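Quick heads-up: it's one chain on its own, the form predicted alone, in structure tokens.
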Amino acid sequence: MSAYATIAFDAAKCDGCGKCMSACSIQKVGADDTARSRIQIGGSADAGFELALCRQCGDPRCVAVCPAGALSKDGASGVIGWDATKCVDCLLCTVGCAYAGIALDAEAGHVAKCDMCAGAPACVPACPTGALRHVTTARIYNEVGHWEDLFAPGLAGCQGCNTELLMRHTLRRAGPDTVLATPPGCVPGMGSVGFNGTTGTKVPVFHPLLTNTAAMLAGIKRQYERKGREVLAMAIAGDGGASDVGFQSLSGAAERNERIFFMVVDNEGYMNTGMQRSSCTPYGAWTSTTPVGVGKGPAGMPSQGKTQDAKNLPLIMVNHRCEYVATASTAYMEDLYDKLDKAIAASKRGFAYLHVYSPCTTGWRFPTDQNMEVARKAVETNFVTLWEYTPQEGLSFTRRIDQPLPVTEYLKAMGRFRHLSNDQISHIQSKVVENLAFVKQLAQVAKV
């Protein structure tokens, strides 16, 4: 069974401007006539906006009710096509569609529907608010969906945690010729190293200390090389095990350019052992060791969360001139998969580092069904920037947000920032601007 690209609609972001309809009508009929657009936005700001658009259904009713066989689903693209030479203009398809995705174009005298513009829908880039998204991650499912899951079923992650999703995707991509290191943290805590003498993976896995993960992994890689066997030596570590007590071995392995792949799952704290702060915890965040309203903070005021800004570990790794350094997010799986491929390839030449931002439903205090939305908001506000670096090409953005949302859109999605004062929010927003400017400067230098 195949998956297909689609157009997703976020009604909460839609302002009813109609620019998507204008773009569609210009593309399809050569005129700005929204009545002839194949995408229609209805409703109002008070009642909410609704989308009328062909969803390219897996089991399309319009195809089933068409007596002339004028409609058919393309098995390669997933698009439901309309054949004018067969259509008898009975309009039964418009009755069969539950989404108002196919309708009569009165001026043309026949039905019209979305055909995805040959894979580049004009309506999506025309939307100024991001209410429309062209979701193309179906290619990942089609490519690797049949590959073996190299983690055992039944890992014990928290409800709504996307770290298990990340682990399973990563190891499926890495393949069976992998040796895995998972230092103390959420990854082994949910069972990657197994329970009661049974392993949690289908590849060799070991459980190093927080302090020596990269050193042990480098030694294992070298021993396999002595035996004449090529393996991917890979670590999946938390931010605490990488940015704090594990940093000395991480930095040493990068400096020696060891041929290993080190991936950090950054949930911005020691979430597996009670939600303590790490050096990657953002300024102002509540944790169990940076509480709110307990004790005395600066100037005799009650404590208001972490008082230091987060360490930017990926940029520190850039300064090691690693073979490959990148940031990623599980909200953007295509970007993540591209970077997994590059990191795996780079690890055959030297040290590869991938830093993946992974929201924690428990420690960050948000509903378990909002993980991907929180991850997406981090990128849309530039709180998290997605980029990659190689010594040859320098640093470049892989998903540049030139019109970011205010950082409050991200902060308000989580309970750990609920206490913030206006001054603290201003500080965070200024740091977002400052960090973005710094990364842009590095990217600009790379172009010179």
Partner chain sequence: MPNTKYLVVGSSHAALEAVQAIRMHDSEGSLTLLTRDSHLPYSPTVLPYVVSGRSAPNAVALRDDAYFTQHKVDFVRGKAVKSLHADRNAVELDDGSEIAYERLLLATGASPAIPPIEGIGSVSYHVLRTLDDATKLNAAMKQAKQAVVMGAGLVGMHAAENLVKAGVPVTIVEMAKQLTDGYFDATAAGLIEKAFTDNGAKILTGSRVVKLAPSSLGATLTLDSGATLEADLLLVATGVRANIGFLNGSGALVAHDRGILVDETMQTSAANVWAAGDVAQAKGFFSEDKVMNAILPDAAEQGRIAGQAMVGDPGLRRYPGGIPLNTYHFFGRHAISVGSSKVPEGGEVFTRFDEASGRYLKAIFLDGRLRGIYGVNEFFDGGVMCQLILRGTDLTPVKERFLAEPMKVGRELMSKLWR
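Only the largest set of C-alpha atoms that superpose within 1.5 Å between the two forms is called the rigid core. Numbering follows the first chain given and starts at 1. These numbers were taken from a predicted model, which means no experiment stands behind them.
Another form exists, predicted in complex with the partner chain; not displayed. Remarks below refer to it.
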{"property": "Contact flag, A98 vs the partner chain in the predicted complex, heavy atom cut 4.5 Å", "result": "yes"}
{"property": "Interface membership of G69, the partner chain in the predicted complex, 4.5 Å heavy atom rule", "result": "yes"}
{"property": "Interface membership of T94, the partner chain in the predicted complex, 4.5 Å heavy atom rule", "result": "yes"}
{"property": "Partner contact for C158 in the predicted complex: the partner chain, 4.5 angstroms, heavy atom", "result": "no"}
{"property": "Listed range touching the partner chain, judged in the predicted complex by heavy atoms within 4.5 Å, from 401-409, 23-31, 379-387, 43-51", "result": "43-51"}
{"property": "4.5 Å heavy atom contact with the partner chain in the predicted complex for all of K348, K431 and A443", "result": "no"}
{"property": "Option touching the partner chain, based on a heavy atom within 4.5 Å in the predicted complex, out of E255, E225, D369, D89", "result": "D89"}
{"property": "Candidate from V203, L209, A103, A122 lying within 4.5 Å of the partner chain in the predicted complex - any heavy atom", "result": "A103"}
{"property": "Threshold 2 Å Cα movement between this form and the one not shown for G101, core superposed", "result": "yes"}
{"property": "Displaced residue check between this form and the one not shown: F397, CA, 2 Å or over, core reference", "result": "no"}
{"property": "G58: Cα shift of 2 Å or greater between this form and the one not shown (core-aligned)", "result": "yes"}
